[in-house]
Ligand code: GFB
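Shown here is one chain on its own, the form predicted alone, set out as structure tokens.
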């Protein structure tokens, strides 16, 4: 058999890369240019023309094509808890074909469609990780359910509709376990999202997040868009919102215990401490987010969570935070405060089917890292 020439190898490489791009034709070659390239390829095979390119030229050619295939990944809500986790995870596991752009609220008002459009026009993303949302803890939601619904609906509709308009290849949106029905059987799984109304304490935020799943299905069925979502359990870690009135449970406990250690005050835990939650460290969640973006192809959501047996009470979470600070002082449970939903036990079987060997950071270790970060950055570099 005759040895394949260098030029022929390069042409095969060119056509191989072109096949990756398909109809989108990102190389910018017009159809006549493509036809001419194909004619040259056929002529070369028939007449065995002499080599025209050196090995170094062939390398440059394929490198240039590879460069043009780079993924531009826009991360909305990129300055928050999960966004910073994704920044860390992407730096620890860098890929040559990925470029991340972390968007903050200072860069655009995502409730405004034209402001959002300018972001897409500027960055031309091929992928979007959609984290941006108006978020808050139990008491913040109870005070403003309507605002949580309207603001989040506007953000989500703008981001997804423009992702479709700009032909984004894949969108991964972040949901929450609060979207699941209040009255349900446990453990909850991905098939149960729409089986009944969510808990009354945060129905505005919950329904707005549920609608992402509805829109993902619609965009997939009507337009072939590759839009999906993840459902993390209670996330915590550095760069969280530590405002005492609006934060989630772990950052609230971390902030209060820091004050207790500085001012020698009793440690007050809101509620009875009996409610139960599954907690996931933001850095672990970020690693899973990158896997979903790179490898998960179902439009249906996937729960990202520690196992059911890792669920703990708020009392146990508070004890872990106390260990993180070395606190041994007085404790008070303020039972005038609501516990919220008693439990939201989630099943991670679907995740384990894909990633049976994924290792989560031990809870006490993650809590200690969060406490240390807060103490180091308080008050100037902490969201309060």
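Positions refer to the first chain, counted from 1. The model shown is predicted, which means the values in this text are computed figures rather than measured ones.
Omitted here: the form predicted in complex with this ligand. The next part is about that form.
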| item | value |
| --- | --- |
| Partner-facing stretch of 222 to 230, 88 to 96, 300 to 308, 198 to 206, counted where any non-hydrogen atom is within 4.5 angstroms of this ligand in the model of the complex | 198 to 206 |
| Residue 234, heavy atom within 4.5 angstroms of this ligand in the model of the complex | yes |
| Contact of residue 338 with this ligand in the model of the complex (heavy atom, 4.5 Å) | yes |
| Touches this ligand in the model of the complex: residue 74 (any heavy atom, 4.5 Å) | no |
| 4.5 Å heavy atom contact, residue 139 and this ligand in the model of the complex | yes |
| All of 78, 133 and 162 within 4.5 Å of this ligand in the model of the complex, heavy atom check | no |
| Selected contact from 247, 282, 116, 173, since only one has a non-hydrogen atom within 4.5 angstroms of this ligand in the model of the complex | 247 |
| Contact set, 308 to 330 vs this ligand in the model of the complex - heavy atom within 4.5 angstroms | 314 |
